[in-house]
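Only one chain comes next, encoded as structure tokens, the form predicted on its own.
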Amino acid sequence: MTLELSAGDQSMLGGEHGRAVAAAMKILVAFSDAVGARKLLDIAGAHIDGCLYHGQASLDFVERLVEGGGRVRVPTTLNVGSFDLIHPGLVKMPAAQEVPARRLMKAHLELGCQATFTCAPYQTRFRPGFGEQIAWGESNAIVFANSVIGARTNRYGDFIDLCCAMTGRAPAWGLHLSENRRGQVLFELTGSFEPADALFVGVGLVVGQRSGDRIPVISGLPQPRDEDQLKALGAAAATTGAVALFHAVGITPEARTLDEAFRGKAPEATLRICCADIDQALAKLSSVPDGAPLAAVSLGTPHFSHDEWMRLLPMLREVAPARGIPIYVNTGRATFKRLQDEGELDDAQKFNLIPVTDTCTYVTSVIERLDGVVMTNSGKWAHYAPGNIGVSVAFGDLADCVRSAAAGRVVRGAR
């Protein structure tokens, strides 16, 4: 299959827009050939997942584009980096790693990317619209954009996402195309479910584990309180599996009905999810029992939205944790700035509340005590943190996390 390039594509490839753009287009053409795309399409924006320092190669790639005079051609947001640039000193890292890690974040800005540094770009002013073609990295952002918003992106990894941003183009394949967005496997919730936060995490965990490479359709899901619950579902599904798009019947925009979700075709398989499946999936997130001494709480993976802060802060003021258990909340810098402007964080220190921006506590050294138990309401954080930073984890809903911080030990109510 031959990749058809437009005159503009040929112009970029031929070096008429500079060395950096030519290099990006050359990589994009090779990638498009590999996935079998027939042509490239215009994108309205990009989200780059390469700001987190994993070694010299990641910095070398971006530096080469900077040296070649490169600039992104579409609005481009940045995922988390290795540092909280708003709160200097919060991240502890050897100087030999700190210098290139900081440089990597700065180099992306020199390419014209926006200093968002959030895993939830859909919570910023750069949120895409329904049907818009975009090129996003970061698993939770990809599944949210496709599923909850109805924008269109494939799962773009490091370097390819930036090549798309540098050229304003992406391969016309996969989830960019309407025919590839049809649901394939049906998940039926059986039983009576309350729309609690933990339900959406649990459903996401199960769906991710059982979907394989198929697009899941979920029926019987209660109407969510807000899109943060769908955010949690998608993040969990993209954590335990390769889900880039899910349809929730009667909830997400491309699944107003079951027939619409499957585009009039029958599902390839029907799987049922019962209460026991949810409980079992959630139980696997915790490695300690109730009553275990608590070292910290970590919230906001994906980054806490303004609405989530507005749920958390009244809980803290009511329970008033005073045992010195730090409560780390990962959030986007735009959300953090809004909270500051509103005066909502004026009493944060009283609750040992530590806002974390630009990064996340499970990918870098922020949490002071890693030898104890950390409690979270995030399925993604609970899944990755033990392997990434070596902590023991207790999972619970937001109210459980606040009560546990006040008690100094893991306290969980009945789900």
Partner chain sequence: MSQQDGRALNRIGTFQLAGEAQGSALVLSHALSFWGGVDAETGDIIDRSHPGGNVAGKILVMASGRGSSSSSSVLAEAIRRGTAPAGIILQRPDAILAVGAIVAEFLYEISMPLVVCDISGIVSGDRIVIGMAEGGQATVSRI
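Being a predicted model, the structure only gives us computed values, none of them experimental. Numbering follows the first chain given and starts at 1.
Below: the form predicted together with its partner chain, not depicted.
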property: Candidate from 179, 213, 341, 194 lying within 4.5 Å of its partner chain in the predicted bound form - any heavy atom; result: 213
property: In the predicted bound form, the residue from 350, 54, 38, 369 that sits within 4.5 Å of its partner chain by heavy atoms; result: 54
property: Location of its partner chain contact in the predicted bound form, chosen stretch of 291-299, 157-165, 341-349, 226-234 [non-hydrogen atom, 4.5 Å]; result: 157-165
property: Any non-hydrogen atom of residue 137 within 4.5 angstroms of its partner chain in the predicted bound form; result: yes
property: Its partner chain contact in the predicted bound form: residue 69, any heavy atom under 4.5 Å; result: no
property: Contact flag, residue 23 vs its partner chain in the predicted bound form, heavy atom cut 4.5 Å; result: yes
property: Contact label in the predicted bound form: residue 363 to its partner chain, heavy atom within 4.5 Å; result: yes
property: Sequence-ordered residues of 110-135 touching its partner chain in the predicted bound form, heavy atom within 4.5 Å; result: none
